[in-house]
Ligand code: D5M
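Shown here is one chain on its own, the form predicted alone, set out as structure tokens.
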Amino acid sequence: MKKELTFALNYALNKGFQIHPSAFKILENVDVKKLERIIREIVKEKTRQKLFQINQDDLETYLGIKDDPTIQNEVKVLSDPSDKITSGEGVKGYNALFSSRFNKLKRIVSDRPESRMLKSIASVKTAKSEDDMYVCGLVSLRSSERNITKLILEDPSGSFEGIVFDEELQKTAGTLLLDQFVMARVSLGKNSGLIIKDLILPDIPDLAKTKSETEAYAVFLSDLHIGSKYFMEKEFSEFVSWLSSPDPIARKVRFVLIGGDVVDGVGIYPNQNKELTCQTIEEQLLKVENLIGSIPKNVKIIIMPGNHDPGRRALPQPAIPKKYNSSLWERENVIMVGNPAVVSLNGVKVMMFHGQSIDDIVKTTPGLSYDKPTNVMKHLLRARHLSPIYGSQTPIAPEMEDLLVIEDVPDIFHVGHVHRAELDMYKGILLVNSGSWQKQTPFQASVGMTPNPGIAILVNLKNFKVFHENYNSNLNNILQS
């Protein structure tokens, strides 16, 4: 018998309690770190009731081992690009994509009072008015020299160059991304040039959260990289076992969301085969199926692709193709979605995005880094777009509709990709970057990237309290918030 269990039982016996034999097996499976606390609380409650025996029912009630049918586990897929992908061709396709982006974002800013004064760029260029005017467009150029910043904005009617003189406004202009949508307040300068006096982003309004009626938990994971020799298989298996344990929180988990890079893939980078334990996509996905197969059937598992997973690499990505593992698709509690996707968990709206565009934004925006991914996530929310920059590292397909515009405001924004687990809030939205389950790779070490892997982030969907389970033995491996 574990010494911790002996200590806990002696505590109960010394308080005058008897312990029914049926309770022993349950107590042996309880996390030893929590065992003493559980026994103390049961003893306290039973003493109040003047009942001095601890039996199986007491433990099952306290630990929630009996499945509670009152805890909801309803999933609705609100947005999934898989069935909407209708790529155009060449220039025509990209014209349609950027036209869709402009029109969607213009509709979003139409809720702002300034939108009533919006004019087309063509009409502003020919206007003689001395009053301020409002235009909106996509940023096609941003440059700074001496003490001024120049921006070129485009809309369907044409383009114009505006100059920003105000120092504070130059800071805002400096954070704008190429191809990002913005509304500008402009006026005519002395030499008929246009001066930009204000920049207004689509941004997120302050909205009340939608909460689950029952106390259901969602687990947020990403970047498992199953098939890599750096995948933390032992630790991940321990986490999956914990989901079936008598732990009170584990018993209330009803959703597991995996935000991409489920597998390490094949041929993603030179000499990758030397770092793989599974050399084919089929082997890797079979291992995924075997590992998640132990998760209780009342837990819904939502899986989206990332840049390492099979299928199309360009955004938006359809779900991982069924041909690589049809049995994974056919599991009753597994839901396969594309990237990005919006799902409702008991009414709580979660936007899932793997996060490929973080690479482009960190490289082009001063003050942003891989170490603080939630700052980049705030940037995306302010822009109301998941991957504004076209023509950089993130491939974007010439879709007839821009499916990367953030049209619906989520309650939770879930991103991965950068292997840094971090939490934050933005205008009432819970930001979760769910880190990874892959140890530091030689490439990451060579560029100074230090992941904090092996952390499972759990959110109580009724009150939005966040918990985490850390399966990494490194004491410096902590969740950032």
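From 1 onward, residues are counted along the sequence shown. Given the structure is predicted, the values throughout are model-derived calculations rather than measurements.
Here the subject shifts to the form predicted together with the ligand, a form of this protein not shown in this document.
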_Using a 4.5 angstroms cut-off on non-hydrogen atoms, would N307 count as touching the ligand in the model of the complex?_
yes
* Asked: Is there any non-hydrogen atom of V32 lying within 4.5 Å of the ligand in the model of the complex?
  -> no
- Message: I'd like to know if D155 sits close to the ligand in the model of the complex, meaning any non-hydrogen atom pair within 4.5 angstroms.
- Response: no
**Item:** the ligand contact at H354 in the model of the complex, heavy atom, 4.5 Å
**Value:** yes
Exactly one listed stretch (37-45, 416-424, 22-30, 50-58) reaches within 4.5 angstroms of the ligand in the model of the complex by non-hydrogen atoms, and it is 416-424
Check all three, F98, E399 and E407, heavy atom within 4.5 Å of the ligand in the model of the complex: no
In this chain shown alone, the residue from F236, Y390, F160, Y370 with a heavy atom within 4.5 Å of the ligand in the model of the complex is Y370
Contact check, 437-461 vs the ligand in the model of the complex, heavy atom within 4.5 Å, ordered by sequence, gives F443, Q444, M449
